[in-house]
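Below sits a lone chain in structure tokens, taken as the form predicted alone.
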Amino acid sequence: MPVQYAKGVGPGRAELLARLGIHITRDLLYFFPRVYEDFSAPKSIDQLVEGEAASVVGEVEEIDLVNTGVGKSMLGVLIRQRSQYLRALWFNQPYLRGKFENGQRVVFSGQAKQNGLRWEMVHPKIDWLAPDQAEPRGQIVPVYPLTEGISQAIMRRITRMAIEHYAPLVDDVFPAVYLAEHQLLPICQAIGAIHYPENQAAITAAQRRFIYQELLVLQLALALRKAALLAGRQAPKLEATARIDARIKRLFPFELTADQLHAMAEIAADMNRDAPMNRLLQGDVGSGKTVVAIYAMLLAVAHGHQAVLMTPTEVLAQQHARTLNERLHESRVRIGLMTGSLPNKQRDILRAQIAAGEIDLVIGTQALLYGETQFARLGLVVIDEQHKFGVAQRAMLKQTSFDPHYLVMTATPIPRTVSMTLFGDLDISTLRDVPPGRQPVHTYFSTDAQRDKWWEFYRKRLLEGRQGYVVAPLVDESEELELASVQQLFESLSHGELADFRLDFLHGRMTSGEKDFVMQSFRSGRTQVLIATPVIEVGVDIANATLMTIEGGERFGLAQLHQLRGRVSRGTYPGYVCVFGNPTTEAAQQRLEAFTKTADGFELAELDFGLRGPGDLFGTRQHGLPPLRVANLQRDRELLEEARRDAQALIGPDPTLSQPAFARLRRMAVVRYGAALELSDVG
């Protein structure tokens, strides 16, 4: 029922509570405290910590009531605990003077702070003790998020009455047997304990119940979707026979890594089933994901099916097309490139060829999503840099054909807890090994005082025939400001440190033709230094470019810095990266230090996750998943692992979770995540 009808609320307070997202009485029950003040056990004065709540028992030593102005006063009460003292202060409450006497035993409860050598509490809660009374056990008091007009006292009174009247009416989503097996509190008990716990153990048990439930519901939703993908869905069986496997691998004139071979075997096994493959291929920069993707696409083509490789940018699409044409120039595989800059007439011709089955491999950007591209026999969809695409966009591509296999790729290594949530419905292949012959990248973090020394080194390498990048600082989301940033840096370097070299620049506001011309010039060596925005972070692969200067490094995320560094580790020459920055926060300093200490993308991903926290991992912009309310992926990794195992155990024998005992749990999963997860098969 509307919260205004709950005891102690009314229309006025209901309007205030609405600011906190509390609209119905159920919202009050699930409006959990953000922290607790623990007064359950009195502390000695030497145990006090500034800013922390505590209860202190002492004997009244001094009482001072001072007038501080017209109608204003300050009451100070000094209590002694053995040889230590604490002073309590109350402003404009002179009536309290008559309640204190020297020698009296009292308990003060509140937040302590140090004033010089003495501890103080302002407006503490007071308990008076009889001379022979034992030290009392106090309470653990909830502290709620508030809004103007609602105090802690009011919120505590409202929630206590709501729990008393409405918590017994809440149905538990878990059967009693499940609660016992998994050592979970029943819902009514958990609601009471999370708001008004008797002790720290009660807080832990209540929080565990709600965190586990939230993570299990998410894992069930992902498992339900994965089961639904397999139910009644038909994809072409594309077997990697020994002959086909050998023919494809002969196209790679280099030694494949153990990780690449393992990923190819996993993909081949998936594509040899009549259920659609849904696999995520994650790898560190330079680990050879594209080679694995080519293997999968050629496996589809070998069986007379078409394959699509979809990329987030035209620069990357053109590079993939160039790579495939080089690899397959002696084969009969027909390749088409569809991007937004393709003239309408050529696009129509290409669409007609795709629909007629005259194109085997299609590389494209989001232009593939529009204009109703029809495929003759689409067998495989590969999505590169999946995080660059929104859920709805991937869903649109899915609708272009009947049940193709799906392979999504990312060069941004994913922390394990994140992979179990955002990609919990995908099978995952991981590439950690770097192909043989790749040279190391030396990374430095420098201040302005060391600029001259770095640019001297940079020029020396350019004179030896190498090429380099200069990455403009990440200003903000404004293309206009990014353009100004690149142009300003171009002018400065053209007339300064790099005046004797051939420079060009690249940014997001250029037309596709302009970008292609700039990249061709850089690839051919005519341009020695490319000054660019982070548009180069993904996929640009020029072996001779081994130098990189990154300006404003504190403005980049750790994953993005690592992606940028990956541009200078593409060939047989060692790479060199120098990042300049002026970190003003400890987190920014830690990011830059971590960036220079390790080149392991998986290690950096975990470090970055530890520094940033989950953040907007569940934002609707990319994944469409509602945010977690009580769980924390960093803190609750063990519970996440447990919830994932339990979800799979429930769905394994019962793919639709149809048992009546779990009807409420299934409904919760569908209500919470149904709208988001029905959009796409691939996360």
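In case it trips you up, residue 1 is the first one in the sequence shown, and so on. Predicted, not measured: the structure shown is a model, and the values here were computed from it.
In what follows, reference is made to the form predicted in complex with ligand ADP, a form of this protein that is not presented.
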*Please pick, from Pro142, Gly286, Gly336, Gly110, the one residue with any non-hydrogen atom lying within 4.5 angstroms of ligand ADP in the model of the complex.*
Gly286
*Answer option from Gly465, Pro435, Pro168, Pro175, heavy atom within 4.5 Å of ligand ADP in the model of the complex*: Pro435
*Would you please decide whether Val291 lies within 4.5 angstroms of ligand ADP in the model of the complex, comparing each non-hydrogen atom pair?*
yes
*Indicate whether Thr421 is a 4.5 Å heavy atom neighbour of ligand ADP in the model of the complex.*
no
*Indicate whether Thr159 is a 4.5 Å heavy atom neighbour of ligand ADP in the model of the complex.*
no
_Considering non-hydrogen atoms and a 4.5 Å limit, does ligand ADP approach Arg351 in the model of the complex?_
no
*Okay, which stretch from 219-227, 435-443, 512-520, 178-186 lines ligand ADP in the model of the complex, with non-hydrogen atoms inside 4.5 Å?*
435-443
*Taking heavy atoms and a 4.5 Å limit, what residues of 319-348 are near ligand ADP in the model of the complex?*
Arg327
